[in-house]
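Here's a solo chain for you in structure tokens, the form predicted on its own.
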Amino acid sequence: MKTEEERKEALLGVLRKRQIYNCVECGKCSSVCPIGQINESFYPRIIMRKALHENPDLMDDGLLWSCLNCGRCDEICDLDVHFYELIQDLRAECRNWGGYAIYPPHNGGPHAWMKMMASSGINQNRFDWINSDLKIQTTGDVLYFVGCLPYYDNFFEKLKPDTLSIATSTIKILNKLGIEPAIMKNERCCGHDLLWGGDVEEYQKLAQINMEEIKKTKAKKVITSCAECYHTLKTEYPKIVGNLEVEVVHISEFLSENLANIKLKKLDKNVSFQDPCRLGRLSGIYDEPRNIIKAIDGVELHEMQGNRASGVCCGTSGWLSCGTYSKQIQTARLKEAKATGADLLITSCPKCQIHFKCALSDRKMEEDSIIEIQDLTTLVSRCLT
């Protein structure tokens, strides 16, 4: 356990790193915080004030675990204060000195399998879901980083998320473009949830193992179909392992660049699009998914009022919190999508799909919030000729 003086020094280091002393308590961040709109005890400004007063008790405050890390506050801040990254660092410090830590929902299942994968000695069966229609390699210029997609369908069986179809659809699309992607036999979870939950040590193990496995494939380009895998590999891994020596792209980027090389059949559908936080605000990818949607003849895109940088997240992040506040955010977002006239909500992150389908499983869900959910890759796969 750290001494009181060591705690204060650690907290000061975090505050300087994330430029918290720039904060003038204008309240703009609090005005757009999804959690703050429904939980008056949580506002970024409240956390900021506690931090600015160098209060070590902040580490024992459960409010640290209420933040969705959606980045909406950073988007509106004029003074370059990085609040959601502050939360990430405070959670890590909290774990370092044995402060309060939330027990993840779903009995901690997803976090448990991530930690299991951080062990270098495990032997996985990562090819079990790949059927004979999917053409893959074990080495090659293009690597498909699958992530945890094969696990979600089993773990959330009652919700029927169908996340594995995202993986199979991605390979089908790549095959259609003449690419047989490499798949890693010993791929691990990217570690996104452990990182944002403050478990930096286990996250770093996953990063190191994955980069070693990626090098074995001789890949020059890594494609992901998960927004969180994309952000973690592209932005977070270099902080740990240095230069990746590979290009990391999201499937929406890759497909948008190759639309001229693929034929899509007509589909009469009114759709709306959910901007994933890690793909949109944290990575700046907004146009590419929309380019793909608009390229499908007959599909009409109806934007929600909150879209692109002002889009509202899916209500939870990193399997760290899931309760009434999350459900309210999800229900409001589904209602907003339905109100556009869309009958299909397109996502580009498997977590968005799972969280929205979880909300839709509530028997008390009102008709004005009920809408079909589908991932962008499965939509494109559905339209392949």
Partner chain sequence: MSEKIHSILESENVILQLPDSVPGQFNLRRIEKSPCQMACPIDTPVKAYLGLIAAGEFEKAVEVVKRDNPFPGICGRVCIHPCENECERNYVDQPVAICYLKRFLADYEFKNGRVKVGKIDRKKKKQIAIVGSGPTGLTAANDLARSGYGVTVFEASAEPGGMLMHGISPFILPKNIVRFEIEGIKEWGVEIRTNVKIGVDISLETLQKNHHAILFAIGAHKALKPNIPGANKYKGIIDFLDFLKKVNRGEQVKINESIAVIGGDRASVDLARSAKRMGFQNVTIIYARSRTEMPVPEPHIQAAEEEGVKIYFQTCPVKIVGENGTVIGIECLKTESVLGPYRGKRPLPLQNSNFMIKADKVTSTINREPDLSSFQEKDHFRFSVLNSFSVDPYSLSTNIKGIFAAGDCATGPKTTIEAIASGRKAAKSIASYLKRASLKKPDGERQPLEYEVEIQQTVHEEQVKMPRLSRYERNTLKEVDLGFSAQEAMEEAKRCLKCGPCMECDICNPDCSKRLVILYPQGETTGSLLRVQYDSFPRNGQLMNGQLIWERKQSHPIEVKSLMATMNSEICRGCGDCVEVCLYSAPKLINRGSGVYISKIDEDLCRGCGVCPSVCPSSAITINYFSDSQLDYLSRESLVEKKIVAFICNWSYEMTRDIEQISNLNMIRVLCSARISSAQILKTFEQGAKGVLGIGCYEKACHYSAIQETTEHYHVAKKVIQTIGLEPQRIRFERLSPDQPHKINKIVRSFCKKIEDLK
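Numbering follows the first chain given and starts at 1. All values reported here derive from a predicted model rather than from experimental measurement.
Not pictured, yet referred to below: the form predicted together with its partner chain.
Verify the contact flag for residue 158: yes if a non-hydrogen atom of it lies within 4.5 Å of a non-hydrogen atom of its partner chain in the model of the complex, no if not.
Residue 158 belongs to the contact set for its partner chain.
Closest heavy atom of residue 122 to its partner chain in the model of the complex, within 4.5 Å or not?
Yes - in the model of the complex, heavy atoms of residue 122 and its partner chain come within 4.5 Å of each other.
Find out whether any non-hydrogen atom of residue 205 is located within 4.5 angstroms of its partner chain in the model of the complex, and reply yes or no.
No, residue 205 sits far enough from its partner chain in the model of the complex that none of its heavy atoms falls within 4.5 Å.
Contact flag, residue 117 vs its partner chain in the model of the complex, heavy atom cut 4.5 Å
Answer yes; at least one heavy atom of residue 117 falls within 4.5 Å of its partner chain in the model of the complex.
Check for me whether its partner chain, as it appears in the model of the complex, comes within 4.5 angstroms of all of 151, 358 and 366 - heavy atoms only.
All three within 4.5 Å in the model of the complex.
Heavy atoms, 4.5 Å, its partner chain in the model of the complex: which of 229-237, 124-132, 280-288, 78-86 makes the cut? Say which one.
One stretch meets the cut-off, namely 124-132.
Would you mind picking the one in 46, 322, 339, 344 that has a heavy atom within 4.5 Å of its partner chain in the model of the complex?
Spelling it out, the residue with a heavy atom inside the cut-off is 322.
With its partner chain left out of view, which of 362, 9, 25, 372 would have a heavy atom within 4.5 Å of it in the model of the complex?
Checking each option against its partner chain in the model of the complex, the one that comes within 4.5 Å is 362.
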